[in-house]
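The chain below stands alone and is given in structure tokens; this is the form predicted on its own.
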């Protein structure tokens, strides 16, 4: 698509400001009513979805140019999708998140790339990961586990650890815990080892779509050669890339499952027993890419029409991604099944969850903004009286861990799969 394809969205925006708040019927207090980290940091309309639509329209009409201030407003956004959820509660004819993604991609194509991401993109293109680590070390976490190497063998299921779990020393144990659970369930699976490649999802949210396409082509080709029909990943960013981006841009029909879906089903089927007590009080953080952006892609080839030249209608009905059908219950079912665990909810949950702050390249480009956003989430988590914040995304967990070092939070940061391993 092109930015011009979103002219109607820019024209239809009524500047109602819903995009700045969580859905109003989800508001429980003034303190935790805000929804957009970008407008909270920028304190100016151009840092909201509505403001970026104004910017896009101005650029399309040639009334303005891309200045450093425009670059800042476009890139200082985690692309979390909360604005999209809030907008679609009262509108059905707008796609603010898709429009912002197109605006960002347009700037990138025109050469406006934040200097901070250049070494990260170089690493992606040469070492196939976003953490600037040697490609040869990607499979080190699994060297002693005796797993099938699907670059040489065949299996219908591939376990994809992802960049963060593969290289982050504080989080690598989650990949091992996942493998332990999959083995206990008797699943026949393998890994790509050092031949595993980044999903490309973060590059896409940064506006670098060609890099995502290159990674997708690499992965899909490797999986096809290995006979893979199902991908299992503990990473929410990878899940979103495989489930939504590959399906929508590459036409992929491969089955994609997050580890929380696997564990939830194993518990329901009685194939996994959690018997050890974990005496903690925890709250759960919904990752954006597993939650509101975790809905499956549905292809649509219809047309837009107007009734009496006014009301917009779609034939056939167009999919409405409003975040309601993300992966919300599986992680909560798991937490409730752990003996001794006390589970409490924050105010902003599920499709209304406050972003961790690391998405959209912000952790790399605007680290202070990313940490400030994480600290606000940790403050909300602490308000529940919890001892720990649990999530199912390594990027969220990394940002929370970093915020803990910088801020006053005393919360333990846990991955839900590692918590399950404690209860086995």
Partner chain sequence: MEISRDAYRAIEDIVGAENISDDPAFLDSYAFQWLAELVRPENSHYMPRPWAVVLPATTEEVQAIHRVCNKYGIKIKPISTGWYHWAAPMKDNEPTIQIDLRRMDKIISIDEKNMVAVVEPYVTCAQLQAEVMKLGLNINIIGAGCSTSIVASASTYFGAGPSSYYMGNNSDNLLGQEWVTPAGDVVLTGSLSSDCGWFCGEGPGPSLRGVTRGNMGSRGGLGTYTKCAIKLAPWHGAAVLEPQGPPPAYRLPIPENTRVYTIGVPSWDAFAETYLNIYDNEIGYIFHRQFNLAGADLAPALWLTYLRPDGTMNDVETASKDPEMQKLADEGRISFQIILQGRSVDEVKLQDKILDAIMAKTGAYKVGRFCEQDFAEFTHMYLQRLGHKHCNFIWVGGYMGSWMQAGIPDFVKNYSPVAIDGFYRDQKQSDGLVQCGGDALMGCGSSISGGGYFGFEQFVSYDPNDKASVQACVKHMYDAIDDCKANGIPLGKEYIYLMIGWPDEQIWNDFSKAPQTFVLHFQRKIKEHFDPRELGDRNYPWLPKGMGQPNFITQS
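Everything numeric in this text was worked out from a predicted model, so none of it was measured. Residue numbers count along the first chain shown, from 1.
There is another form of the same protein, the form predicted in complex with its partner chain; it is not shown, and what comes next is about it.
Figure note: of the listed segments 241-249, 223-231, 148-156, 68-76, the one touching its partner chain in the predicted bound form, with heavy atoms no more than 4.5 Å away, is 68-76. Contact with its partner chain in the predicted bound form, defined as a heavy atom within 4.5 Å, is made by none of 1, 126 and 136.
Its partner chain is not drawn, but in the predicted bound form it has a heavy atom within 4.5 Å of residue 57. Of the heavy atoms in residue 91, some are within 4.5 Å of its partner chain in the predicted bound form. Contact check for residue 39: a non-hydrogen atom falls within 4.5 Å of its partner chain in the predicted bound form. Among heavy atoms of residue 27, some come within 4.5 Å of its partner chain in the predicted bound form. Note on contacts: among 98, 131, 278, 313, the single residue with a heavy atom within 4.5 Å of its partner chain in the predicted bound form is 313. The contact residue chosen from 306, 336, 273, 143 relative to its partner chain in the predicted bound form is 306, the criterion being a non-hydrogen atom within 4.5 angstroms. In the predicted bound form, its partner chain lies within 4.5 angstroms of at least one heavy atom of each of the following residues of 316-351: 316, 317, 318, 320, 322, 323, 324, 325, 351, in sequence order.
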